[in-house]
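Starting off, we have a lone chain in the form predicted on its own, written out as structure tokens.
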Amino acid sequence: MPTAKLADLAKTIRSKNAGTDKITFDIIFREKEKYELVKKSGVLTPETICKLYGIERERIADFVEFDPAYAIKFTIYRRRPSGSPGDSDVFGCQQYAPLLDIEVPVE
């Protein structure tokens, strides 16, 4: 089955702090068709996020498919507060990379 990388379908894939204890992720599509393709494919679910980031389901604070903006958003609890000793990404802006290579069936 042909696939496309999520990075090739989405307009924006980003992560950022949502307060000191959470990181939020945005996957935003320019076209409704690509958004619906990804949404209906089932490749982006809370379970997928858990596997991708090696986290327990309890660490996902929110997971939303937001139709008006053609966006999929989710928020996870950080392992430690932003800026605390041992935190390697104070702004949470480097956490989106694992999402880029997700393969989405395109048929």
Partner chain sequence: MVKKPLRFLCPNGHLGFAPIKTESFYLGVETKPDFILADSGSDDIGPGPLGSDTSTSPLEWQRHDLEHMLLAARRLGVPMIIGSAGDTGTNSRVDLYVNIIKELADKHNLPKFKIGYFYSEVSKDYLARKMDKGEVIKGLDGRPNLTRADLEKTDRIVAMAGVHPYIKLLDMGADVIIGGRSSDCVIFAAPAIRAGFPEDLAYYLGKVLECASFCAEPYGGKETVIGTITEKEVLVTAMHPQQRCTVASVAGHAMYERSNPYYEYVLGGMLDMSNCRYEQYDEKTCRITGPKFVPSPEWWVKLEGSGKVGERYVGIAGIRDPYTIKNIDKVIEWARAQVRERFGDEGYELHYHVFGRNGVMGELEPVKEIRSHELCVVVQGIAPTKAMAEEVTMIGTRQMFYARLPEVKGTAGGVAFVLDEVLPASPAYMWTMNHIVRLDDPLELFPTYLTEAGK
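Residue numbers count along the first chain shown, from 1. Here the structure is a predicted model, which is why all the values come from computation and not from measurement.
There is another form of the same protein, the form predicted in complex with its partner chain; it is not shown, and what comes next is about it.
For the chain shown alone, Ile13 is not a contact residue for its partner chain in the model of the complex, no non-hydrogen atom being within 4.5 angstroms.
Within 4.5 Å of any heavy atom of its partner chain in the model of the complex lies no heavy atom of Leu37. Contact check for Arg57: no non-hydrogen atom falls within 4.5 Å of its partner chain in the model of the complex. Put simply, Ala69 is close to its partner chain in the model of the complex: some heavy atom of it is within 4.5 Å.
Along 29-62, a non-hydrogen atom within 4.5 Å of its partner chain in the model of the complex is carried by Arg30, Leu52, Tyr53, Ile55, Arg59, Ala61, Asp62, in order along the sequence.
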